[in-house]
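Just one chain follows, in the form predicted alone, and it is written as structure tokens.
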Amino acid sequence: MEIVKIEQIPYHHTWQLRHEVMYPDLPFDQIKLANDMEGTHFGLTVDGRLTAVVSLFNTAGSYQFRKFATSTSLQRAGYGSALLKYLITYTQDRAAAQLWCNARVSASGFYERFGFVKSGPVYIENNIDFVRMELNR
């Protein structure tokens, strides 16, 4: 039986998985966020192996999550869903007015399953289509 844990982790522990999953063809330093030190970072481990990460930033009760990444070989196994559910509960417990992200358009269906809605136009960054998605309370 596997042991799955979600806990806060240091921001720099997110970097390797971010790079491997999200932007493997870009220089490593491009996955670092200027405000990483100001965020709350979560890691999901499976049997002690870091499997999924996400970074959360709070601005006056509006929480944005960024750099949500799950190991490529373990995607579609429910780990990303578990981490997103945890994030939703975490922000609800803090009376968040809003939880949102800039989602890859290709992942928008995943977020819609959790009640997120598209709230802006599609834009392109690093040759990837993105759209803002919000879970309003």
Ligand SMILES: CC(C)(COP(=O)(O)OP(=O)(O)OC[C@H]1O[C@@H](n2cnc3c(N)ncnc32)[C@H](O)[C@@H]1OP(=O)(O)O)[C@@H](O)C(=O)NCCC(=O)NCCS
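Only a predicted model underlies this, so the values are computations on that prediction, with no experimental measurement involved. A residue's number is simply how far along the shown sequence it sits, counting from 1.
The following text describes the form predicted in complex with this ligand, which does not appear among the structures shown.
- Taking the partner from elsewhere, Tyr111 is found to have a heavy atom lying within 4.5 Å of this ligand in the predicted complex.
- Of the heavy atoms in Leu50, none are within 4.5 Å of this ligand in the predicted complex.
- Under a 4.5 angstroms non-hydrogen atom cutoff, this ligand in the predicted complex has Thr70 among its neighbouring residues.
- Shown alone here, Ile9 lies farther than 4.5 Å from this ligand in the predicted complex, counting heavy atoms only.
- Contact annotation: of the candidates Ser62, Gln75, Gln30, Thr40, the single residue with a non-hydrogen atom within 4.5 angstroms of this ligand in the predicted complex is Gln75.
- Taking a 4.5 Å heavy atom cutoff to this ligand in the predicted complex, the contacting residues in 90-106 are Asn102, Ala103, Arg104, Ser106.
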